[in-house]
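In the block that follows, a single chain appears as structure tokens, in the form predicted on its own.
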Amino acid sequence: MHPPPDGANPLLYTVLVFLHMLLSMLAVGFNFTYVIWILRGTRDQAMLPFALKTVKFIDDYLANPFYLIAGLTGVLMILMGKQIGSFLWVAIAIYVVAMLVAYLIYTPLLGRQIRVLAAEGPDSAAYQQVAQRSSIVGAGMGAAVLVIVALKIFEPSFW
């Protein structure tokens, strides 16, 4: 149970905790389906454009917005008086970096991957290069998300 901070509206705080956890789980879950979509598309190249466009749709309209709203609910809980331990400061910093990478690097890279695939095909050097970059960035973001989840679960003290 996540007891509300002193002076916070218990119902509102509980709703924020619920939304924060639900949206975070959905966002992480959607992100981890990207690997499945891309692998399926890679194995059946006729399906690759559909798979990449589906990942882009999920990224643009589900996962990233869910992460943003989860971040907003976290900020609202802090404004209501939630205590911020050192683990949470680290998690917030990783979250901010991950969101910047998502919007400034991964999402544009995924769009470029789709365009290069359409223009040059899956066997072209240009496509292979952008697909590899996309995979590396995506794996790094997946690792960052796992670190955030671990920090929240284990709540280690850093200082």
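A residue's number is simply how far along the shown sequence it sits, counting from 1. Note that the coordinates shown come from a computational prediction; the quantities given were computed from them, not determined experimentally.
The following text describes the form predicted together with protoporphyrin IX containing FE, which does not appear among the structures shown.
- Note on the interface: of 42 to 50, 127 to 135, 109 to 117, 66 to 74, the segment with non-hydrogen atoms within 4.5 angstroms of protoporphyrin IX containing FE in the predicted bound form is 66 to 74.
- Of the heavy atoms in Glu155, some are within 4.5 Å of protoporphyrin IX containing FE in the predicted bound form.
- A residue is said to contact a partner when one of its heavy atoms sits within 4.5 Å of a partner heavy atom; Met80 fails this definition for protoporphyrin IX containing FE in the predicted bound form, lying far away.
- Among heavy atoms of Val35, none comes within 4.5 Å of protoporphyrin IX containing FE in the predicted bound form.
- In the predicted bound form, none of the heavy atoms of Leu12 sits within 4.5 Å of a heavy atom of protoporphyrin IX containing FE.
- Checked against protoporphyrin IX containing FE in the predicted bound form, the candidates Leu62, Val90, Ile105, Val28 yield a single residue with a heavy atom inside 4.5 Å, and that residue is Val28.
- Taken together, the three residues Lys56, Val97 and Val101 lack any non-hydrogen atom within 4.5 angstroms of protoporphyrin IX containing FE in the predicted bound form.
- Although protoporphyrin IX containing FE is not shown here, in the predicted bound form the stretch 102 to 137 places no heavy atom of any residue within 4.5 Å of it.
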